[in-house]
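Next up is one chain by itself, shown in structure tokens, the form predicted alone.
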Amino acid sequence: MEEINNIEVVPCTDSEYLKPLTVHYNQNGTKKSWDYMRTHDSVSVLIFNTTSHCFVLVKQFRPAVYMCEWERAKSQPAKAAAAAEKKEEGAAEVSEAQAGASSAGEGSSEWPPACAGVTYELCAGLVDKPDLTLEEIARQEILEECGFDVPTSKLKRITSYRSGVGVTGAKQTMFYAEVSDDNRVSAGGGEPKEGELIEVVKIPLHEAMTFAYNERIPKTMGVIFSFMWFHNNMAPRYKISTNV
């Protein structure tokens, strides 16, 4: 997971997962247009292990996150140069600031370490199997990614919501599943033939909210929301503080 090389960025012209489109429309008499991405709906699952009193998350490398971090790093020298130009403290100081910005710019083209693209997420998957229910897809994802065999009858639907509404209109449905060590049938890790490389991670219940609000830990909004949902709806039965 930590070895990323031979990076090449090319236009996305043919994808079975993403379809970039532009819609033209009139709104209250004003002609408008908007670029959007047609994508699959998805499911996600908050997994709680009742044996060890911990949440089960997945950790994986996300190219989109990695590229955003790279773009952000590239923009820093430009911002530094712009700030330097606004200074009116003398030609010598401006020159020195520009030299420092130029030096930073030389390193900005370098790729960041792979960890810049690694995120903590809920177990999740695309709704791309029309013959399966959402619960059945969620069950498959739990088995493939985390190694637990959970009957669909044990899945509790939390809610559904739109994700990435500025770019997509896809709907994600979130479930809750309680598992025990008796349900574990494999190590998980995803489906290698689909290119998945997933690390299963345990977050102790008493550390959950500290984890959720720690901005230094890269995570999805689904993790934060689901931990809050658990704290409000499920935590009292376990009589354990979730460190809010």
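Basically, rigid core = biggest C-alpha set you can superpose within 1.5 Å across the two forms. Don't overthink the numbering: it's just position in the shown sequence, from 1. Note that the coordinates shown come from a computational prediction; the quantities given were computed from them, not determined experimentally.
Although not depicted, the form predicted together with another copy of the chain is the subject of the following passage.
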Are any of the heavy atoms in Asp35 no more than 4.5 Å from a heavy atom of another copy of the chain in the predicted bound form? yes
Close approach of Tyr176 to another copy of the chain in the predicted bound form, 4.5 Å, heavy atom: no
Given that another copy of the chain is not shown alongside this chain, does Pro236 nevertheless sit within 4.5 Å of it in the predicted bound form, heavy atom to heavy atom? no
Does the 4.5 Å heavy atom contact test between Ser180 and another copy of the chain in the predicted bound form come out positive? no
Would you mind picking out the stretch of 182 to 190, 48 to 56, 63 to 71, 200 to 208 that comes within 4.5 angstroms of another copy of the chain in the predicted bound form, counting non-hydrogen atoms? 63 to 71
Taking another copy of the chain in the predicted bound form, which residues along 13 to 31 bring a heavy atom to within 4.5 Å of it? Ser15, Glu16, Tyr17, Leu18, Pro20, Leu21, Thr22, Val23, His24, Tyr25, Asn26, Gln27, Asn28
Determine, after fitting the two forms on their core, whether Ser15 shows a C-alpha shift of 2 Å or more between the shown form and the other one. yes
